[in-house]
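Below you'll find only one chain, the form predicted on its own, shown as structure tokens.
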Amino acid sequence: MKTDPKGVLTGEHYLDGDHACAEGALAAGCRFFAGYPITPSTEVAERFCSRIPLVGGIFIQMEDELGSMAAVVGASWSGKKSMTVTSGPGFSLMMENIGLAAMMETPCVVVNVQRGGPSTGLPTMVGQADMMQARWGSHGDYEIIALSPASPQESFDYTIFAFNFAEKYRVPVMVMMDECVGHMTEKVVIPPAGKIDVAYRTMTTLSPDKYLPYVPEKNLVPDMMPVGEGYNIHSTGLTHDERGYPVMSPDAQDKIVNRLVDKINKNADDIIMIEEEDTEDADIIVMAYGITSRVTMPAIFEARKKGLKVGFIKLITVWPFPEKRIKQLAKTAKAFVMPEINLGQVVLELERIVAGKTKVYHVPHAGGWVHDPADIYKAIEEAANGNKK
């Protein structure tokens, strides 16, 4: 195993998506992990358990997922880049403290290796049915960032992106992997540490007597404070003022909740990442994320061979959704086709944004395995012929 002097892996390796995710977190500077084993994400925790002591970090197996998320919030406020990993039922248990992290504006990363659900469902088989839960799973109004890798290489890369976004916007960031990506093994190239773009939270330049923990900067994100240097602050999940103290009033609620939403939505151009192929003059645009973005390619190639003008959008950032770009493409495309391994989640956002300007063809799949590309091709053909879905 080739590592740099600080214990971070470098070079070319054959890793599964779970192991690549763990290495991405280490490369991003994560030095605290709390979690509880759950299929199909356990390999991330196992990799951390063996690797994180080599870089001076801490691994804790908690008693459950609720405690795991609480530990991640606390560790982040102690100054450490922190993360947890889970799947299905564990993700549900984490939601209360994900909401706490959103309200306290805690930078942290949550990895969900999705499986078939609901409930215990299909522990060892693929699903993509936690996508809306990632956005709306905790109660109240807030915004998060969610990324969806389609390969072990992207699991490595996107985990670094996730930590960078968490640090920049003081927000929980989700890496919404799926079982196929988590368990597939491919070549992963890990650059030397000096060639990896790593972000760190912005620290205040104010003295302890002048610093307030929730005064936003121009990007609507408050600076944090160095731990152990005399900054005595209060932070709470209650509605609070710029000092971090509870204020039970509609005005305080309006101020803080709007900023929690605006700091993501008004910086969306900086956050949103998509890959496009042949979309400018496409009649049909296929949109997908995660493993489905790979499964859909044979259908696209077959359609192009038959003369259909098909473009492709791969969502890297699923939340926030690329609303601006979709509105542009809806003016020229005849239809969108969206396969996903659920019965209708992210497609609802696509339909909302298209707003009837063009047709949307959904290709649902209940999970357990990936789509048959023939089903995706059939939807492309129906869209090209203008058939009603």
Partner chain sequence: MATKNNNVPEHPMERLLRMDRIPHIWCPTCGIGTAVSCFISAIDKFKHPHEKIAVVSGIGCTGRVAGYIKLDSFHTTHGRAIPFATGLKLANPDLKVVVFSGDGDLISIGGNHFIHAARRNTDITVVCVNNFIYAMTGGQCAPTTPLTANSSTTPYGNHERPFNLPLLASSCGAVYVARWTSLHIRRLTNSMHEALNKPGFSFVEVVAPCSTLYARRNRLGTGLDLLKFYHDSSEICHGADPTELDIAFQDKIKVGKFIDRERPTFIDAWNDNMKKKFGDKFDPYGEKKAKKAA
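Because the structure is a prediction, the values reported are computed rather than measured. Positions refer to the first chain, counted from 1.
Heads up, the form predicted in complex with the partner chain isn't pictured, but that's what we're talking about next.
Of the candidates 266, 309, 259, 243, 243 is the one whose heavy atoms come within 4.5 Å of the partner chain in the model of the complex; the others do not.
Between the options 236, 202, 219, 249, the residue in contact with the partner chain in the model of the complex by a heavy atom within 4.5 angstroms is 236.
With the partner left out here, the partner chain still marks one of 150 to 158, 277 to 285, 224 to 232, 194 to 202 in the model of the complex; by a 4.5 Å heavy atom cut-off that stretch is 224 to 232. In the model of the complex, the partner chain lies within 4.5 Å of some heavy atom of residue 97. For the chain shown alone, residue 323 is not a contact residue for the partner chain in the model of the complex, no non-hydrogen atom being within 4.5 angstroms. Contact annotation for residue 328: none of its heavy atoms lies within 4.5 Å of the partner chain in the model of the complex. A residue is said to contact a partner when one of its heavy atoms sits within 4.5 Å of a partner heavy atom; residue 119 fails this definition for the partner chain in the model of the complex, lying far away. Scanning 70 to 88 for heavy atoms within 4.5 Å of the partner chain in the model of the complex gives 70, 71, 73, 74, 75, 77, 78, 80 in sequence order.
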